[in-house]
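Quick setup: one chain, the form predicted alone, written in structure tokens, and binding and motion questions come after.
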């Protein structure tokens, strides 16, 4: 696994990574909704516009067991291995680490011999994870200078409760090293994890414990403001909790974290899925304020009035469709923020050159609870909406899928999501346009979720040089 020169897909800075060659392949987590008979899979999609297979799945790697609920995944190593203090500077970006969010099983997938036909080389069983780290339900995964950091929603006790947290995996042996936190302070709920390497700060967000989410969004818990609404700031190297920012009880489901890629910048963005007062979604900016971290809301996206007859039971009483911002992504130049509105079926693009004053510059509608907006190359209305979004390293291509999480899909799209993946072209001026050649319809029974691009993408790598 060790090499004498750094992996060519590693770049010291985001500026240099933007000059990387375009991706040819995309890897997509595919949830199988028929969990009894078929396992989930990792799909390999041809994203080379010069290929005859452009926009199609060219291979599928089935998992060895049914019922994993593949969700988020990531690389074993990335550009953070070039940090001056990295103890493993010669690791390769070779393995995809693919957790099952429901099973707590973690698959190690080798892409080197044939990137279009990856193979599973190791499986970490849930008992090993619980014994080593006392966690379950692994979620977000990031390659860091010291190893692979993974957030987990639940404890290892098998009771569906918390606390969730972060654990480390060795990125050469893939042994679970253990719980990352030395002192977790008041942190209990868990969801996303990322960091500012230049600020020696880790950041975590909150969703809920497994028993709060696995059977669907619980209206009683939601209206009681029991879901996650706090953001936690940690001393990255001392592994100790330092600060909590509470958005307020009306803001529920504080999810995705997207720090600036430039390590000299100390700001980033987070989405709050729903405001209990008006069903709006919001984007929050964290930034330094003196010696502390601070947050402020910088984008409000309102709910849209709707005929109750067009709404699923969970929304009929509100007479409105919420935007349900469930994913965001930040381009490598830290200029463009992409916002997935899963409920209204809209992908928005903001110019965040001034992070305190974002400007909406582009929008595309596909699917949606009410809109069902069509793709020019697909037959009929679309359901589901823009969800997991990924941006190419050069910032020119935007990919997304339309499924959130199985039990939540069925609440907001009770007819059953017909899953698809699309690609948009991002213009330098701020616009978005649909690539009419790229519409991938997943086979019935499968739903696409997170996308990882060959060689890295806008949410895979961290950098130590500006």
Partner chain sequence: MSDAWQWLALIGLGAFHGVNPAMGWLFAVAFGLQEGRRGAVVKALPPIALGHALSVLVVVISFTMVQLVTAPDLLKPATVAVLIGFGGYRLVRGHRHRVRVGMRTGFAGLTLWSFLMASAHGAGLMILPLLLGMLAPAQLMALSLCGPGAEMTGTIAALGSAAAGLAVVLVHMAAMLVVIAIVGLVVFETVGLGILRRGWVNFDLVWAGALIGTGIGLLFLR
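Note that the coordinates shown come from a computational prediction; the quantities given were computed from them, not determined experimentally. Positions refer to the first chain, counted from 1.
Missing here is the form predicted in complex with the partner chain; even so, the following discussion is about that form.
Site annotation in the model of the complex: the residue of 211, 172, 304, 110 reaching within 4.5 Å of the partner chain with a heavy atom is 172. Distance criterion of 4.5 Å from any heavy atom to the partner chain in the model of the complex singles out 145 from the list 145, 355, 345, 322. Taking the partner from elsewhere, residue 374 is found to have every heavy atom lying beyond 4.5 Å of the partner chain in the model of the complex. The partner chain in the model of the complex comes within 4.5 Å of a heavy atom belonging to residue 91. The partner chain in the model of the complex comes within 4.5 Å of a heavy atom belonging to residue 200. Though the partner is left out of this view, residue 239 does reach within 4.5 Å of the partner chain in the model of the complex, counting heavy atoms only. Here the chain stands alone, but in the model of the complex its contact with the partner chain, taken as any heavy atom within 4.5 Å, falls in 256 to 264 among 347 to 355, 305 to 313, 95 to 103, 256 to 264.
Candidate site formed by 10, 82 and 87: every one of these residues places a non-hydrogen atom within 4.5 angstroms of the partner chain in the model of the complex.
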